[in-house]
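Next up: a single chain in C-alpha cells, the form predicted alone.
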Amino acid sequence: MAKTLWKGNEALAEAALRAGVKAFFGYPITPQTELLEYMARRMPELGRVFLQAESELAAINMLYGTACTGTPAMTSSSSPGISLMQEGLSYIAASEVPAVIVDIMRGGPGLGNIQPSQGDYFQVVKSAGHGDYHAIVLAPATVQEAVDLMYISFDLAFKYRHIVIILGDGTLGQMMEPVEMPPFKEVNGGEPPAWALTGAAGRPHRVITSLYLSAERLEALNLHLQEKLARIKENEVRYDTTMVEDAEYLIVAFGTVGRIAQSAVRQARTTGLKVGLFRPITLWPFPERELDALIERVQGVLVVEMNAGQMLEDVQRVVKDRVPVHFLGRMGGIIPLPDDILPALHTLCGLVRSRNGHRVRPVPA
C-alpha cells in the first residue's frame, strides 16, 4: 500500500476511524484541535456519531455513557483538558468499560503554552484519576507508529475492558510524515458484549457502576482490578531499542524525545562513544524487566525528557543505584536536541569515571 502525507493529529483520527470507532466526543484545545476537526467532518460522512461537547468534563462523561453500551468510543484533548477528565477516567476504570483517549501534551503547569511537552507523564501513567489502577499508556515516536498504536487501541480496550491512552505531544500532533494507513475494520454486525447495557427487554438485568458502599465489595472489585493489571503487565509490554547490543552507555527516552535521541546515539557513535537507546512504548506497563536486563550490561544511564524528571523516577526504580543515572530535562515547550544530549552524555561519562575511580569497567561479553 502506498504511503501518503499526513499530519499527526489527522492521522490519529483516520486510524481511529479505520479501527472502528463509532462515537467521538471532544472539545477543542491546541495542539490537538485538528483531530477533533477531522472527526467533525469524517464521522458524519461514515454515518457515525460526532459531538462537540461543552467542555472536557462533558466529553469524558459522554464517552463513559457510550462505552457502557459496548460501543467503540473515544475522546481527545491536551494537558489541561486531560486534567479535567481525571474523575471521569476513574469512573470508567472502576466500571470496566473500554475507552480510548488521545492526549497531545502541551507545556504546563496551568494553561502553560501550546508548545510540546511531556509533562503529563505523572497524570496519565501514575494516576489517570483517583484509585488503585493504571490506564494502558502507549507513547508513539512517529506518525506511523501513532497510527499503528491507534489501530490496536480499541482491541486492547475491549480485550481488557479498560482505558487506553495514546500519549503524544504537540510535535507529534503537528508534524507531517508519510504514513501507510491500515485497512478499515468491519464495524457493523455482531452481538454487543455480554456486559453491555443495551436495554433490559428479553435479557437478564445488568448493572454498570463505580459505586460500592460495602467495603468488602469495593475491596473485591479492587482485587479483581489488580489481577487484571497483572495480566496486562505480563502480556502488553512494548518497547524499542537502538544499538544496545554493545552499548556501554544507555539513553532512556520516550515519544518524540526518543526519536531525537536516535540521532544523538548515531552522532555519539561517530566519536567512539558506545551509546544505545531504550525507548519505552508502553509507559504503563513500563518495560521494567527489559530495561533491567540492559542495566546489567551498561556503565551508566542518561534519561532525557521534556519535563523535570517524571519517567526518571521509574528508571531509577529499575536501576536501583547499580550504575550512575544522569538526567537531561527541557521544559516550557523547549525540545531537547542532539546538541543538548551529547554534552549530557559526556557528563554521564564523567560520573562513571568518578564512581569507578577513573577506571571504566569493560562491558561483559
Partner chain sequence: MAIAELTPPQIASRPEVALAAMQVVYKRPEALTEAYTHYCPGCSHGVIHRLIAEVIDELGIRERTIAVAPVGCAVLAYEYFTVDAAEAAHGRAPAMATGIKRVLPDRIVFTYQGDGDLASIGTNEIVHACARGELLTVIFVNNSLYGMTGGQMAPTTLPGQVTTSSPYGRDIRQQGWPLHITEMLAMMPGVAYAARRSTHAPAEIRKAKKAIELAFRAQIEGLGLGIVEILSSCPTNWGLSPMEALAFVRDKMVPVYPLGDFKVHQALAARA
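Positions refer to the first chain, counted from 1. This one's a predicted model, so the numbers in the text were calculated from it and none came from an experiment.
Omitted from view is the form predicted in complex with its partner chain, to which the following refers.
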Contact residue in the model of the complex, chosen from Glu296, Glu54, Asp321, Asp339 - any heavy atom within 4.5 Å of its partner chain: Glu54
Answer option from Pro28, Pro44, Gly309, Gly65, heavy atom within 4.5 Å of its partner chain in the model of the complex: Gly65
Segment that reaches its partner chain in the model of the complex - one of 222-230, 153-161, 139-147, 208-216, heavy atoms within 4.5 Å: 208-216
Non-hydrogen atom contact Ala58 with its partner chain in the model of the complex at 4.5 angstroms: yes
Proximity of Arg203 to its partner chain in the model of the complex, heavy atoms at 4.5 Å: yes
Close approach of Gln86 to its partner chain in the model of the complex, 4.5 Å, heavy atom: no
In the model of the complex, Leu197 touching its partner chain (heavy atom, 4.5 Å): yes
Residues in 316-339 with any heavy atom within 4.5 Å of its partner chain in the model of the complex: none
